[in-house]
Each structure stands twice: as C-alpha cells, then as structure tokens.
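Shown next as structure tokens: one chain only, the form predicted alone.
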Amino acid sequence: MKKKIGFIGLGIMGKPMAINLIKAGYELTVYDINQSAVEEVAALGASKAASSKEVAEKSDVIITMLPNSPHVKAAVLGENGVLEGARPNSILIDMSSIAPLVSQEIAAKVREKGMEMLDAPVSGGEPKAIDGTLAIMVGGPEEVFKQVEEILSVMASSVTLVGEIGSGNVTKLANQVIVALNIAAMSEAMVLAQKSGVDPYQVYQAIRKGLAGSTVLDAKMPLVVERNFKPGFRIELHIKDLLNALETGHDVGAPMPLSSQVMEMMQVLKADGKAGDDHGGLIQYYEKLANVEVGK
C-alpha cells in the first residue's frame, strides 16, 4: 500500500513536484498560504488542509518545500506546525534549500517526537520539477532513505544519499556555488564576445560541446539571447543560497572568494529591482557595466 503523503509549499518548484506525485498515484494532502495554488493542485486530486498540523495528521510522509530556514522552522516547529499533528514513526522530508545547521536543529526536535527526518534539497529548476527529472541530494539515516526512495524517484532522475542529516544541504550549497560561478563565467564571456563584435550565440554553439560546455550553459544561454528572464530560479533565492554557503564556509573555515564576488553582483541586481529575475539574468550586471546587450 502506498504511503499517504503531505506536501507543504506549492511554489514554483513545489507545485509541479506535488502534481507529479498525484500522477504517480499517491494520495496527497496539501497546504500553502497561497490558496490559488492549493486549489489548482486540489483540482487534480489532492486533499486540502488548513495548516501544516492538519497535513501531518493525515500523512505518513510529510514533504516541505519552502523558501528558507525560517519558513521551514515555522512550518515544522511553530504553532499549528507539523510536530503538533505528526503521527509516531512518520517521516519528514525537507526538500527546501536551507542552512545545514538548521536541518540538524530541526531533525533533533523531530526525533524527540518519535519521527524521522531527511534533508533532501533539489537541483534542476522549474523545467525539471515539471518533467520529474530533478537531482535530489539526501542527508539522513540510510534505513529511512530506503523507505522513501521510491517517492523521491517520482520527482527526480537522480536521487543520491550523500551522508547524515545536513549533508543534503551541504551538497546543495556546493551545487549552488558551481551554478552561480558558471552563470557569472558565461556572462563575462558572452559580454566579451558581444563587445568584440562576435555573435554570442555562435560563440555558444562553437564552445558548448568542448571543455567549456555545461548544463548551465545549455540551460541559460538560449534564454539570455531571447532576453527571457522569467524565473525558473529567482536571483533573490540564489542570493539566499549563497548567503547560506558563505555562512557555512565561515563556520567550517572554507574560503569562498569567488562566491562572495558573485553574491555582490546579485546584490547589485537586487538593488536594481531585478531580484525576481531568473538567475540567468546575472548577465545584466555585466551588460550594464559594458553598455551592451547580449542577443542574437
């Protein structure tokens, strides 16, 4: 018998992830402060809940997909939160991207209630959330992971247990550092091409199968040349991830000079009113300095 799943957080990523679980035949109870998102998922077969507590009361596995550490703490530990309604032996899977130390803090409280927890952040953005091909990096006990691996696989093409609780979010931070630096490198290179009078899209086509090619380049460069900065992953959320990465780096003594530079570039765009743009919109930082626009 399939486990009953609760899903808290139906944003850009969470909504398509929840929909894929419904399509796979899971019984879902959902909650979000955005009622229109709840109604949309309910129309596809999910049950509606009025709080995180009610979600937990009706679920064997509770998934949270929320913006940042304070939102997860409120949903799990706060008033009308998951811990107030959770069944003994239920499993909390936090798929948000939050600080690793916060994951460990929440997990300790979860275990006190007789529950288990995994931190399982995702990578891939909205397109991969929609088609169920996310990469999921998981931290927590292997025996708990085995119980929910099938559920996670509905939403992903790659599901990897990387270590104990918090390891998933350390892995996600590493991922976000690499993605941010890739986007910055692409932006710097393509503004150089445009400023030099060489078609940036042809430069992209020439280098994409070589050593400079990457998933990031293939995902973002076509959008840049179309001037499409509709968010698959917003700049303001990448700022949040880089902040968590920098704080974690400071805590453990890992130098992060390149990440700090890209963080400042994103902060400039945020101050310029572009916090809601896709993180591929980082190229606008370089374009403004060079007084040029990259396009076909």
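All residue numbers are counted from 1 along the displayed sequence. Only a predicted model underlies this, so the values are computations on that prediction, with no experimental measurement involved. Under this definition, the rigid core comprises the largest set of C-alpha atoms superposing within 1.5 Å between the forms.
There is another form of this protein, the form predicted in complex with a small molecule, and it is not shown here; the text below is about that form.
In short, of 125-133, 203-211, 99-107, 151-159 it is 125-133 that has heavy atoms within 4.5 Å of the small molecule in the predicted bound form.
Contact with the small molecule in the predicted bound form, defined as a heavy atom within 4.5 Å, holds for exactly one of Val252, Ala271, Ala43, Ile33, namely Ile33. Residue Ala75 is the only one of Ala75, Val138, Met117, Met190 with a heavy atom lying within 4.5 Å of the small molecule in the predicted bound form. Though the partner is left out of this view, Gly9 does reach within 4.5 Å of the small molecule in the predicted bound form, counting heavy atoms only.
When the small molecule is considered in the predicted bound form, Lys53 lies well away from it, no heavy atom lying within 4.5 Å. Remark: Arg234 counts among the residues lining the small molecule in the predicted bound form, judged by a heavy atom distance of 4.5 Å or less.
Though the partner is left out of this view, Gly14 does reach within 4.5 Å of the small molecule in the predicted bound form, counting heavy atoms only.
Core-superposed comparison between this form and the one not shown: the CA of Lys172 stays below a 2 Å shift.
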